[in-house]
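Read the single chain below, which is given as structure tokens and is the form predicted on its own.
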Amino acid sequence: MTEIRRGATATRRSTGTPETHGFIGTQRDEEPAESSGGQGPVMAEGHEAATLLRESRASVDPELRSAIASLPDSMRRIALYHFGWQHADGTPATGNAGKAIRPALVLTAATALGGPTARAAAGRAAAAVELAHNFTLLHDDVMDRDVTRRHRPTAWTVFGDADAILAGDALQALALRLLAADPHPASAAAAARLSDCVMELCEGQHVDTALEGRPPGEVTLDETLAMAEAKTGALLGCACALGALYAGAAPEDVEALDAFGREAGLAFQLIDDVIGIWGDPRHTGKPAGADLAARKKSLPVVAALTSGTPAAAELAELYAAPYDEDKEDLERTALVVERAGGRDWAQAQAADRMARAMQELARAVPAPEAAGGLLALAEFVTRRST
């Protein structure tokens, strides 16, 4: 059993994350949390990440819009709604299309290893990764029955299950078509890597679904961590690897950046699971305690269940019973998870995973000035406000 560590100084109680669960590690793309106490480096990283994300969104949106415009009318309407570019009635909207973390990783990795020329060449690859990510979000919302994403109704609640699933399928097809049509010499390897990644994501979701059907005492922390890496880390790693491919990087550097993204992604998921329990709906756009209400075996919960503490036994009893649909049930369950060490473990483990990510990044990009953008993005995804 993975050891539960408490009180790591590298973590903060205020750490939270994006949204998760369901299919393929969904994440909430919120603003980075401001550091307390005026910590200069953290603030600087936050500003750099915000700049990289804005630039990425500006670069990738035209590719995304062009690709989505090629869809059949029925699928195009749903995709445009999901991205926040249209209302349900088809009129233009200026909604939130997400922070574009994954395309930013593609472009920033390409820049780190190949400079501006590589970045310019990787535009289609960045758009392909974002399309693949949004394919997972559409499916995830259906599977989890989530009714809100990016502070408005999810696509399936507006257009129905079947059409939302089909729109997700169409986005995945668009992602692969973008790479297949790209004349860049790395496009074939990129398409193969993205396809492998999607299969890994699906396997991770299969395991996640299987774990939900097992009694609380039969789920181990190690298998839950492996599932989370497949659901969330795989696509972040793939994004970094695609940027390296488009920069013409050596195979060992491609693999190191993949490992960097995976470790950062697992840190992301750990913090995301913290938000799934203790997040503020005003920041997350989702109901507080939704994961506990659904009796999700998220990482903090499994850490708590396997802690061997009296609170672990209490939590197992709570999870064996259906959700009571009152605020007191959620508050009690969250408190028991915390007493059993789940919250502290998740935050400490997130810090450990970020340390591993930094080691992998240094292997591929040893120059600090070149690695700065990737470091800033990694810090962004793990510094969230609950």
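All residue numbers refer to positions in the sequence shown, first residue = 1. Predicted model only: the values in this text are computed from it and were never measured.
The form predicted together with a further copy of the same chain exists for this protein as well; it is not shown, and the discussion that follows is about that form.
Check each of P92, P72, G213, P116 and return the one that places a heavy atom within 4.5 angstroms of a further copy of the same chain in the model of the complex. Here the answer is residue option P72.
In the model of the complex, the one of A180, A313, A88, V147 near a further copy of the same chain [non-hydrogen atom within 4.5 angstroms]: It is A180.
Which of 244-252, 190-198, 95-103, 220-228 sits within 4.5 Å of a further copy of the same chain in the model of the complex, heavy atom basis: Single hit among the candidates: 190-198.
Answer with yes or no whether A155 is in contact with a further copy of the same chain in the model of the complex, where contact means some heavy atom within 4.5 Å. A155 lies outside the contact set for a further copy of the same chain.
D280 versus a further copy of the same chain, in the model of the complex: is there a non-hydrogen atom within 4.5 Å? Heavy-atom contact with a further copy of the same chain at 4.5 Å: absent for D280.
Considering only heavy atoms, tell me if K296 and a further copy of the same chain come within 4.5 Å of each other in the model of the complex. K296: no, not in contact with a further copy of the same chain in the model of the complex.
Does at least one non-hydrogen atom of L80 fall within 4.5 angstroms of a further copy of the same chain in the model of the complex? L80 lies outside the contact set for a further copy of the same chain.
Scan 159-175 and note down the residues that get a heavy atom within 4.5 Å of a further copy of the same chain in the model of the complex; none is a fine answer too. Result: A162, D163, I165, L166, D169, A170, Q172, A173, L174.
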